[in-house]
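Shown below, as structure tokens, is a lone chain in the form predicted alone; questions about how it binds or moves come after it.
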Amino acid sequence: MRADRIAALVMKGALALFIAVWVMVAVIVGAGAWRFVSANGLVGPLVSSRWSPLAAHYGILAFVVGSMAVTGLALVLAAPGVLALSVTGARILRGAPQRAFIQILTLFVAVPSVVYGWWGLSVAVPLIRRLTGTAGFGPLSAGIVLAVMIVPTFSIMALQTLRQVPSSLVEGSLGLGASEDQTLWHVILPASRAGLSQGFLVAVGRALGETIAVQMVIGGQSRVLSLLKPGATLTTQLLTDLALMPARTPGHDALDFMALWLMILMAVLVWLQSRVRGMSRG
């Protein structure tokens, strides 16, 4: 009984510490963002792409568009690979080959993002440079690297979801004369919609929040979106400027404003996941 009480106290203490840390982060970021909005307004920085803190220009439109473009491109590029890997692991492989396949995917999930960035510098950037005649750095390279990063995570979630489809549905479809492909597209995937949606939202969060790998290949320039020219995202610009702007300066407050938008976007993704989970249980 004493051990149970100690364990309960440890768990409660850990929960309290976790909540306290996140409240502190939210208060610090929120205070800086409030000072920024009070001085610059809410709409102006969101519709301007001129970023020059030394000249008191804090337009973040280019970073917002860059984040959305890189994330969207990564999802589009990753989709075929996710479909192929998840179907292979869930519906084709069985026994030991299936377990080995899942372990390999898990290994790629655990690879540090800097390794993916290094791969982007070594493969993606030179390839785009040869094909387009540009420097090779930009949102296109970042989208390719992010696609490679999110494929293992999304594939494992999709694979587990496809495995949970009741065998009676599959056998019933095949028994009615449907082919394997027809069963996949018209029975298995629709039955897995909720789980696949959750995996999609996790992939969006992973891509939207990634920093190091994107920073290594995107070029780090604040410009209106061009896939083949150096650009930046919200996360990469935070990484670039955070050490250059002391706390409680206008430039640092602008970074707090950007960080707050990222926190809001992540909160929306978490809320959407909870909604999808609730609908799937309902």
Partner chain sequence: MSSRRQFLHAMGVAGSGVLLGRWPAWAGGPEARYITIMGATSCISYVKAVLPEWERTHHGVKVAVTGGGSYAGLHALALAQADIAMADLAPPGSMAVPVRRYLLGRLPIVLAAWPHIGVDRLSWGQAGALLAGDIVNWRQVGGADVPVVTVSRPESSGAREVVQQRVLGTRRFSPDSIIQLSNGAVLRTVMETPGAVGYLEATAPMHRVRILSMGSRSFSPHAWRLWPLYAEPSLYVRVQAPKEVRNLAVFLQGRPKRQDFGIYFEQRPGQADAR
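Numbering follows the first chain given and starts at 1. Computed from a prediction, not measured in an experiment: that's the story for all the values here.
Quick note: we don't show the form predicted in complex with the partner chain, though the next part is all about it.
Comment: 117-125 is the region of 117-125, 103-111, 156-164, 89-97 lying near the partner chain in the model of the complex, near meaning a non-hydrogen atom within 4.5 Å. Within 4.5 Å of the partner chain in the model of the complex, a heavy atom is found for all three of Leu15, Leu54 and Leu239. Remark: Phe137 counts among the residues lining the partner chain in the model of the complex, judged by a heavy atom distance of 4.5 Å or less. Interface residue remark: Gln215 is counted as part of the site for the partner chain in the model of the complex, having a heavy atom within 4.5 Å. At a distance threshold of 4.5 angstroms between non-hydrogen atoms, Pro246 is in contact with the partner chain in the model of the complex. Contact check for Arg223: a non-hydrogen atom falls within 4.5 Å of the partner chain in the model of the complex.
Along 67-95, no residue reaches a heavy atom to within 4.5 Å of the partner chain in the model of the complex.
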